[in-house]
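In the block that follows, a single chain appears as structure tokens, in the form predicted on its own.
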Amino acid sequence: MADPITQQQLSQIAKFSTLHPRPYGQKYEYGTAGFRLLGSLLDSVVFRVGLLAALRSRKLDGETIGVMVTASHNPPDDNGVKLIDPQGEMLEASWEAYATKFANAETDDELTKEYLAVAESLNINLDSPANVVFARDTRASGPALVAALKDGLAAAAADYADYRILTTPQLHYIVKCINTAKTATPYGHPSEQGYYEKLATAFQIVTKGKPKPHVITVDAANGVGGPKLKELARYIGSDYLDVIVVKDEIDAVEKLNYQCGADFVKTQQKLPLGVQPAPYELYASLDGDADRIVFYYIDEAKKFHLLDGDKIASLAAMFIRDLIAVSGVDLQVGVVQTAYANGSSSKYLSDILQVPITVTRTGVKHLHHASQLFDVGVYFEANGHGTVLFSNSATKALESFEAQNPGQQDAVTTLLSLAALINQTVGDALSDLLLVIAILSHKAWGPSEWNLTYTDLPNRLVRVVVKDRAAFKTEDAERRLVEPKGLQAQIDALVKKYKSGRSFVRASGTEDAVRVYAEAATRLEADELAVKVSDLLKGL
């Protein structure tokens, strides 16, 4: 029989759970982005995430766990929730199954049994401290979902702090700051102000003595990133940075991500609605929770040029590689990509920069872990989500290095300041914006000079509905099909007919569909290859 403390908790969970009933027949799955679907279907899920966050904290001896309520680049009626582990990283993969089980428990009794089963199987003392912090983006469903989360935390007897409206990366930052506060290497002050102060100071050091960057216009997707970027710019000061923020109507919740934002610009390959840049001016777009960013410009013929995550990764890798060479510190910089990375970017990194590349499965958690294997690991998905990770050993090597001349000292100082400027926990659009601006300032480049580093191969991404996505199994970081049998050989035969041809097929993580990616030397050939590979899938 459960002890009195446990029994009391289970009783409270059952009591509060009746206020947050699970929609009949609805199935939930915790993925890379946590739970994400219509906000109206998430009340029970967010309540149960509160329970899981308390258990996760107790399992980790009371370390603080984060919970972010957001749906990033999704439409305004969607929402989502995800957990953040103590170092600001994503939830440990083994706990995703617990999250899914909690969300799908059909009755209050089943939920309490699942809760107790996890506690018992992992030897979690339910009387031990649990600490959770949370925040949300600007969606209309956010306040009600936060109320459900508070009920879950209260039922599980967890201590919590509400950080209200933040960007997703700001909460990741705060979680790491809290958990490193009493260590030898505190990450920063655990507050929104601490975030601004850390990034502003680092940016000022990195750009000191360099020409002031040209003004940059940023489309904030009518999301939380707009006011946060303005506040960050205020901390940096107009002597160092000029930013114009557009698409910043956070009170017009129906406009969130509507024909604007990083996902729109990347997928549609065009300017946000109503944005009309002058030729060769640098523009950028955030997504709704400000963890993605893409850059772009138009030329004198008004042709649109996208500078996406691949371009950001190559720019960062080039700059950091050169700084390491000047510093004289023995460090290796590497880049992590997915199969969706443009072939030209991979060739530029490996052949021109001679930087090692690792390819992982799609999903930020895979890229993040692979990046940790380098002294300095650069990862960006093509959609603009990414960051640069400096290992602890790399930071220590830089801090202890005795420079022999001013050039070495400047390079070491810049590298250490870059490590502070770049959010080490997760992709952060505001941090990445400053990184790109700082590099362009050092290089005295505009967007067209940056774009000249390599030319993207034309590519096409096609969604194909199939009867059973589980029938599509891959290997080699999702670049080759193992099943259905014989299909990969047919794709290979098609690819051979196109100059610089490449194509792969991978199953969607959320629907019975597959994604067909194709690239080739010309736009016409890339489109044709995508269509022909898609035709192979019809009837499967």
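Every value quoted in this text rests on a predicted model; they were computed, and no experiment measured them. One-based numbering along the sequence shown.
FYI, the form predicted together with a small molecule isn't displayed, but the following is about it.
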(request) Check each of Y340, Y297, Y160, F319 and return the one that places a heavy atom within 4.5 angstroms of the small molecule in the model of the complex. (result) Y340
(request) Taking 4.5 Å between heavy atoms as the contact cutoff, choose which of T414, T112, N383, N451 touches the small molecule in the model of the complex. (result) N383
(request) Considering the small molecule in the model of the complex, find the one stretch among 189-197, 355-363, 163-171, 116-124 with heavy atoms no farther than 4.5 Å from it. (result) 355-363
(message) Taking any heavy atom pair closer than or equal to 4.5 Å as contact, tell me whether P484 reaches the small molecule in the model of the complex.
(response) no
(message) Can you tell me if G509 lies within 4.5 angstroms of the small molecule in the model of the complex, counting non-hydrogen atoms only?
(response) yes
(request) May I ask you to check whether L461 falls inside a 4.5 Å heavy atom distance of the small molecule in the model of the complex? (result) yes
(message) Taking the small molecule as it sits in the model of the complex, is R502 near enough to touch it, meaning that at least one heavy atom pair lies within 4.5 angstroms?
(response) no
